[in-house]
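In structure tokens, the next block holds one chain alone, the form predicted alone.
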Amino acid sequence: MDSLLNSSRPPVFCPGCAHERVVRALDQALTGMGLSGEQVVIVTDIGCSGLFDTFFNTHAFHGLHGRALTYATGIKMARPDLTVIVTMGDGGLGIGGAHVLSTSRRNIDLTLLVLNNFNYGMTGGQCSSTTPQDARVGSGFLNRIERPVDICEVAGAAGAAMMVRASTYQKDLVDQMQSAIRFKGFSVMDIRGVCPGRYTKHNKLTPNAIETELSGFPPLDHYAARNARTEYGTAYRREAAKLEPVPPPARIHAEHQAPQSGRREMVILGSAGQRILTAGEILCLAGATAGLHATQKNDYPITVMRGHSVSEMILDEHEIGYTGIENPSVVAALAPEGVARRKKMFAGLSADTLVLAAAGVELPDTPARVETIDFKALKLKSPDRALAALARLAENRRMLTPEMLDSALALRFKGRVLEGARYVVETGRS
């Protein structure tokens, strides 16, 4: 195989840019390993290094700045047979540093080529995460007060077992690339080179200077033994094979007749602890037992044990595209927190809307028909209000029927919990 380079899109970099040498070296490394374009994926970041995927006749993925490793991880997990190469500049390295740490911890079989030219070359020559503190760059003094990242040491500390510091200009760069690509796990190459368009206009950096600096670094061999372990994808598939097979999803057969046709919408307004989301799920299950499509959207704060809890459900014979609810068929107002969360909705309700309101819960002015339920008189606790509201709707054959509700309960609960739910339903129907 002569080359994987795309003849219709030759590399286009500034004259003297180190990136072009890396393109040629990567092509020689891949072809020297006998890899075809169908066997390779090149995943690129933003920046000058982000052009690499266009220069090769291979599979390619071009993503957001700093996120290339996340896409590459998904590709490798889905297609472990592919050789996945990630190209990233020192800019993307800094922006996506957390992803470098995660990939190092996992030890997934990817090769990361960091095209390190010590600045954001595409956007103005600002300092990056690797810019030396004594460099002159386009972002003023910032690099003088930030310590540059040694990505090989960082990756090794995070769990990577193979790191290579390299110069774009060294004679064995192709051999180093091949070793990194062959490594069964996460490999990182910090490939240092010259950016003539930005960096070297104000800073003296030559191939000899890069070689001299690299020779002063301590070796990284100790990480190979300290972090040696099974590659992530291999370990994942081995452990997953030990698990019991996941049962197929339960099939809900349409066995009931819905009481109305067309799109029906319900909003339950409650508070934490009232099982609002569960009631919404039961309504959707009930709809499914009548052959209806169903959607549910929930709204609650991060303080899951305090605050509002809102659930919005839609039932329809047809597929549901838009899930927004502006004028619901039914509103269950069960707690002040939920009502406050949707208080603007009440003024826009139509006279056809039914509001089931818990006694003692104040409502904003609304043209809707309001029916008050005294849950305390029924001796129903706060967590039972939402299910009791569904029972009241079923009794009135609005949105669902008693048969639909009972089938939904049987799908959702078992044993004593099911018995308790049916007791709440019988009490709510009264």
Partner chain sequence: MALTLLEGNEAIGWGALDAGCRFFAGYPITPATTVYNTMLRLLPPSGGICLQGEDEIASIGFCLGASMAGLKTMTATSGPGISLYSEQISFAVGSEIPIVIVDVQRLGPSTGSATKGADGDIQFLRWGNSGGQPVIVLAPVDVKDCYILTRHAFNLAEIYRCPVFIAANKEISMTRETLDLDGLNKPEIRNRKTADPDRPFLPFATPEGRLTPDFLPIGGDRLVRQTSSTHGPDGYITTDPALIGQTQERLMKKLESAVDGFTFFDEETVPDADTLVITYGVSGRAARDAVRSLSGTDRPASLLVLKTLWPVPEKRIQEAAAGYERIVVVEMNLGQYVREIQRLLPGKDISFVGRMDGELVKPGEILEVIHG
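Numbering follows the first chain given and starts at 1. What you see is a predicted model, and the numbers here were worked out from it, not measured in a lab. Each form is matched to the other, and the largest set of C-alpha atoms that superpose within 1.5 Å is called the rigid core.
What comes next is about the form predicted in complex with the partner chain, which does not appear here.
- Although the partner is absent from the chain shown here, Pro245, Thr295 and Glu326 each have a heavy atom within 4.5 Å of the partner chain in the predicted complex.
- When you look in the predicted complex, the only residue of Ala225, Met305, Ala351, Ala240 with a non-hydrogen atom within 4.5 Å of the partner chain is Ala240.
- Residue-level contacts in the predicted complex: of Asp374, Glu371, Glu38, Glu362, one residue has a heavy atom within 4.5 Å of the partner chain, and it is Glu38.
- Partner contacts here mean any heavy atom within 4.5 Å of the partner chain in the predicted complex, and among 179 to 187, 147 to 155, 282 to 290, 202 to 210 they occur only in 282 to 290.
- The shortest heavy atom separation between Ala60 and the partner chain in the predicted complex is within 4.5 Å.
- Using a 4.5 Å cutoff between non-hydrogen atoms, His253 counts as a contact of the partner chain in the predicted complex.
- Contact check for Ala135: every heavy atom lies farther than 4.5 Å from the partner chain in the predicted complex.
- Contact check for Pro218: every heavy atom lies farther than 4.5 Å from the partner chain in the predicted complex.
- Counting a residue when any of its non-hydrogen atoms is within 4.5 Å of the partner chain in the predicted complex, the hits in 313 to 350 run Glu319, Ile320, Gly321, Tyr322, Thr323, Gly324, Glu326, Arg341.
- Relative to the superposed core, Gln178 undergoes a C-alpha shift smaller than 2 Å between this form and the one not shown.
- Relative to the superposed core, Asp150 undergoes a C-alpha shift smaller than 2 Å between this form and the one not shown.
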